[in-house]
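Just the one chain here, the form predicted on its own, laid out as structure tokens.
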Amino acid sequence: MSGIQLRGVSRRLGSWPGRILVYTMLLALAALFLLPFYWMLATALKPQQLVYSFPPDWLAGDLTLANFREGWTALPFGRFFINTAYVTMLTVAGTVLSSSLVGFGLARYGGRLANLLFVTVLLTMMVPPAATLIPRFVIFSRLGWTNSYLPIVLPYWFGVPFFIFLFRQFFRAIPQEYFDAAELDGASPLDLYFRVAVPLSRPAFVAAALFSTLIAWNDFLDPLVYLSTLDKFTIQLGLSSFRGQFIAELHLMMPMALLAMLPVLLLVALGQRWIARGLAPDLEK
């Protein structure tokens, strides 16, 4: 498409009919994506007798919060939330610290060996987690770590390939003059990391923390494999157990699923600006 044609399309979209068309399409897509969430919210607030009514009553006037109280006490969801928060904090701390250190080393101390190591790290991203599930389980079971949080948290303290890539690209965007000036002042490699790289890469750290929080909070497979007692369950395992015991109690299941989603929704809503900045470093420098 030529430049004249592109300018013509831009002018048509910039006119009022074009804007109305674009906004109408966006609103339709937004409504389509929000429909499941609305159904979950409506089910969580409906009395039990209205949940299975047909045709569905989308705008029920009889709303109740009793479903939240009854679902919360059906299983120890308070314990599930505490366990999940504990696992998430350890996972985020390990992911950000280890991945940023590895990314800093690969970005600051380049060379053929560093590039080879970086390519090797990227190649590990192609290995599906299910392929290493059995070997990991055998190792951790022989160490006696089953039914504990160590197999879930510890791997994140040795670097995550995606976040290593993220930090390496961000650190490479920092002007070399900053590091040279710090080295002239006698800064050690750790000083370069803590006093130069970290303060200038806050968007990358925030984005990595947000993404790793989403991963840890929503993780289901690893807790399912390694945890076996109810008092150690995370929120995802708790929801799965709830569904197994109260499979026909949608009016109780939906409030708990909604509560499990709220921290993630709030986190994404508050941190989306940092996510965009963390994923878009200036690579020209």
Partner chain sequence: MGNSLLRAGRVLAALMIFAVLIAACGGDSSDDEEPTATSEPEAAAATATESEPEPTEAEETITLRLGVSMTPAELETFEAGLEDIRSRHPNWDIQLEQTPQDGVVEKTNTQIASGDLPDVVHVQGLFAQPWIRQGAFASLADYTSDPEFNVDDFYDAALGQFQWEDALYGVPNIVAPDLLFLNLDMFEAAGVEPPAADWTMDDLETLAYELTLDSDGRNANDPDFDPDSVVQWGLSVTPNNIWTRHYLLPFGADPCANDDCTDLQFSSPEVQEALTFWADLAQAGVAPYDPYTGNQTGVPGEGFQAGIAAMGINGFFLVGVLNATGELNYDVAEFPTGPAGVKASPLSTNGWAIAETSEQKDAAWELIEELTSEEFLTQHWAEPGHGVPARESVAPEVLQEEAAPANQQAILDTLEYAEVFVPSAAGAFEVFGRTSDIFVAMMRGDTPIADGTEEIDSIGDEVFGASQ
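In this text the structure is predicted, and so the values were computed from the model without any measurement. Residue numbers count along the first chain shown, from 1.
Not on display, but discussed next: the form predicted in complex with the partner chain.
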Revision key, fill the gap. None of 153, 96, 174, 210 but one has a heavy atom within 4.5 Å of the partner chain in the model of the complex; the exception is 153
Check your understanding: Looking at 108-116, 174-182, 161-169, 78-86, which one sits within 4.5 Å of the partner chain in the model of the complex if you count heavy atoms only?
Key -> 78-86
Exercise for review: Please state whether every one of the three residues 138, 195 and 228 places a non-hydrogen atom within 4.5 angstroms of the partner chain in the model of the complex.
Suggested key: yes
Check your understanding: Does at least one non-hydrogen atom of residue 220 fall within 4.5 angstroms of the partner chain in the model of the complex?
Key -> yes
**Study point:** Any non-hydrogen atom of residue 224 within 4.5 angstroms of the partner chain in the model of the complex
**Key:** yes
Review point. Taking heavy atoms only, is residue 143 within 4.5 angstroms of the partner chain in the model of the complex?
Key: no
Point to revise | Contact of residue 36 with the partner chain in the model of the complex (heavy atom, 4.5 Å) | key: no
Practice item. Could you run down 179-216 and flag each residue that has a heavy atom within 4.5 Å of the partner chain in the model of the complex? Key: 188, 190, 191, 194, 195
